[in-house]
Structures are given as C-alpha cells and as structure tokens.
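Heads up, the chain below is alone and in the form predicted alone; it's given as structure tokens.
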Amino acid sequence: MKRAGGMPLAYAVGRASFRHLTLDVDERVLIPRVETEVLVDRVLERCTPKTRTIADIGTGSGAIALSLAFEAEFERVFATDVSLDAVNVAAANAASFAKALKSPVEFRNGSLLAPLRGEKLDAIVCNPPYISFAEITELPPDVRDWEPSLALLCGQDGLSVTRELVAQAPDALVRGGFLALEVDTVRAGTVAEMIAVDGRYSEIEVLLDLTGRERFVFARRV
C-alpha cells in the first residue's frame, strides 16, 4: 500500500544502503544518494594523519559522518543538523554501528556551524539543500512529495545555505583545513566563484561525479 501511494522504496522498507552501511531511514531524513558516496571518497582521499577532527554539516541520516567514522580513524567526527528529528535518526544509526566504528561520532542539533562554536576543525563536509523554491515542480513526485523540504530546498536561487556555510567555515577551519561541498551540477561554477571571492580559501577544485557532471567543490583554508 505504501509503494502504491508513491512512497519511495527506501521509506517503505525503512532502510537504505550507503557505501558499506545499511541505514535506517524514514520521512524525517533525505534518502542517501550514490553521488554522496563519491563525496565521501573524495574527502577520504584528501585526509591525512593530520586530519583529526572532521564535521558533517546537515548530517540527515548520518550517512556521511558514519561512513567517515566507519572507514577511517579520526579523533572525533562531529555531525550537526538543524532538524532535531534528523539528529535522532542519525544517532540511532550510530548506535547500531557503535562497535564497528573506528572513530567516535558526536551529534549536535543546530544550524550549520553554530553547534560547533569554539571547535577547531581539520575538515568540514556538507551536502546542503541546493534546490531553489522555483524548481520544486521539476522534482520527481517521489522526491517532492515525500522527502523533507528542509533538506532539499533553500532560498537565494538554491544557494543561501551554501553561501552561509562558505562564510562561516574559515572561522572554524584550521589553516590548511578543507571544505568539501556537494552542489547542484548547474551551480558548481557559481559556488567555486563564491569561494574564490571570499578570499580566505585556496586550492579551489570542482570535481566530477560518476556521470562526468560537476558535482563537488573543495577548497582549503588559507
């Protein structure tokens, strides 16, 4: 009956695969995408023994944070979300994998980097909402009608959350620390330019997803 009503399969069965993990998911969180699995690959490629503290901003189901903690050793992985419902889902997933994680994960509720005020981070990773409100009708019904709008949509042509994070991140990153963003393929260049104009970043990279589209933007704190 749930599937007949258009519910996405992941919500109907309550589970979604992401890299090496199978996560519990429901309508409180975005269903993890394969593109975001590539984001984790690119982050891990750039981590060194000096990358000790890393933050996943807008963690949702915890997919990014838990994959990082499962696949690599850090002193701490922070995971934040403005949605307390999402934090609860992610924390429950973390509890399920507690014995398998190589790194401790700490969950905090709040907007972007506000819950991490005072922390110094070696890396910040984020898959922000990047669809503009004008584009909502272009979304497939199983996305538009079921997945949380807070995780999908934002203002300023889909860039308000990304713009705010780009502005906040240098205050939290150590020198040489990196920011890693998943972005809309049509806005990758705009995001890279936004980061360049900020003036506090270097080594700005636009990276491709598995289909060859511009999907990720990386930059280091000067």
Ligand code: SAM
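Residues carry their position along the shown sequence, with the first being 1. Bear in mind the structure is a predicted one, so any value in this text is a computation, not a measurement.
Below, we refer to the form predicted together with the named molecule, which is not included among the displayed structures.
Trainee: Only one of 43-51, 66-74, 190-198, 29-37 has heavy atoms within 4.5 Å of the named molecule in the predicted bound form; I'd like to know which.
Mentor: In the other structure, the partner sits against 29-37.
Trainee: Decide whether S96 counts as a contact residue for the named molecule in the predicted bound form under a heavy atom distance cut-off of 4.5 Å.
Mentor: So S96 does not count as contacting the named molecule.
Trainee: Would you check, heavy atoms only and a 4.5 Å threshold, whether L150 touches the named molecule in the predicted bound form?
Mentor: So L150 counts as contacting the named molecule.
Trainee: Flag P104 as yes or no: does it have a non-hydrogen atom within 4.5 angstroms of any non-hydrogen atom of the named molecule in the predicted bound form?
Mentor: So P104 does not count as contacting the named molecule.
Trainee: Using a 4.5 angstroms cut-off on non-hydrogen atoms, would N88 count as touching the named molecule in the predicted bound form?
Mentor: N88: no, not in contact with the named molecule in the predicted bound form.
Trainee: Within 4.5 Å of the named molecule in the predicted bound form, which residues of 85-116 have a heavy atom? Give them in sequence order, or say none.
Mentor: The stretch 85-116, when checked against the named molecule in the predicted bound form, contributes A86, G110, S111, L112 at the 4.5 Å heavy-atom cut-off.
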